[in-house]
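Heads up, the chain below is alone and in the form predicted on its own; it's given as structure tokens.
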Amino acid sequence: MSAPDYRAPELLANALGIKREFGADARVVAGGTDLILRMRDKVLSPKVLIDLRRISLASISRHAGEMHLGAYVTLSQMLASAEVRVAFPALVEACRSFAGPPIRNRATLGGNIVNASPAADLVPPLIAYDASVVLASLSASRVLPLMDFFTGPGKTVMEPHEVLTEVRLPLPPPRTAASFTKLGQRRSMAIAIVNLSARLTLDRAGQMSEARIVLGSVAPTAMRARAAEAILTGNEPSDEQFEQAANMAVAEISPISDVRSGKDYRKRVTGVLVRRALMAARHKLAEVGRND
């Protein structure tokens, strides 16, 4: 098969026009850390590669109580951004756990999302922070919660003529803390056996007004453990509450066995990791209280 045609438009409208013309046969290439491997292994054989680096999709900015992250923002950019580090530390923790510096210099936020891997490291903290994604087409744009973006392994609601252009994160309310944790077969450069993010927000009485437990690599898509979250909401953060929530989270997941782990092991470690993530979030909340 011949090599795909390479396009590097300078306007988003031109890129969207290419997507409308070629549909699923046109693939957006960002860092290429996953797409090129899939092409090499003949999993994907696009006719056109669209490089958007000439278009302004690599910015980090604030607008009306939201952080806007362009789809072409690299993991290294997020690690270097003081604004991201302060507002979304769990996302930064996930970036830090991702591969090594050369890959983080190329891998992009949008690429990690659109691959729709159940083990994607950035997705649990993004969902924990209530992220939304912007999907653009030549005729319109739409914004939807990231939680609703995934439909299965490698599958999303994105139409063939659409491009993911931006991720939007509402700035967390006061007395909020989040954590990210990941278990792999080695300390670094590993795809997750289980990864997850926990976020807690306290009201003025010290009770958990909001709780998020988002799990990866234990279901067809990243998932919120909503029953576990419900156990926490309205209560003070305690070891007993965390234990109950962890047990409930284990009951909510549907892991598989694969080359990285067996499903029974994933269930066992999920409970341990949920407790650790919640305890880490509580510890961060205590630090916030001491610094107020």
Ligand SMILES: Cc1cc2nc3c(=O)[nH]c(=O)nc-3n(C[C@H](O)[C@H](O)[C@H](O)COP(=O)(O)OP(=O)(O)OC[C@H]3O[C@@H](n4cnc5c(N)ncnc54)[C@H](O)[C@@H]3O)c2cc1C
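One rule holds for the numbers: they count along the sequence shown, beginning at 1. This one's a predicted model, so the numbers in the text were calculated from it and none came from an experiment.
The same protein also exists as the form predicted together with the named molecule; that form is not shown, yet it is the one meant from here on.
- Under a 4.5 angstroms non-hydrogen atom cutoff, the named molecule in the predicted complex has L37 among its neighbouring residues.
- The closest heavy atom approach of V29 to the named molecule in the predicted complex falls within 4.5 Å.
- Under a 4.5 angstroms non-hydrogen atom cutoff, the named molecule in the predicted complex has T108 among its neighbouring residues.
- Proximity of T33 to the named molecule in the predicted complex: non-hydrogen atoms within 4.5 Å are present.
- With the partner omitted here, the stretch from 139 to 147, 79 to 87, 171 to 179, 112 to 120 that lies within 4.5 Å of the named molecule by heavy atoms in the predicted complex is 112 to 120.
- With the partner omitted here, the residue from V214, M208, V163, I193 that has a non-hydrogen atom within 4.5 angstroms of the named molecule in the predicted complex is V163.
- Checking L202, V92, A219, M158 against the named molecule in the predicted complex, a heavy atom within 4.5 Å turns up for just one residue: M158.
- Taken together, the three residues A246, V250 and A280 all stay farther than 4.5 Å from the named molecule in the predicted complex, as judged by their closest heavy atom.
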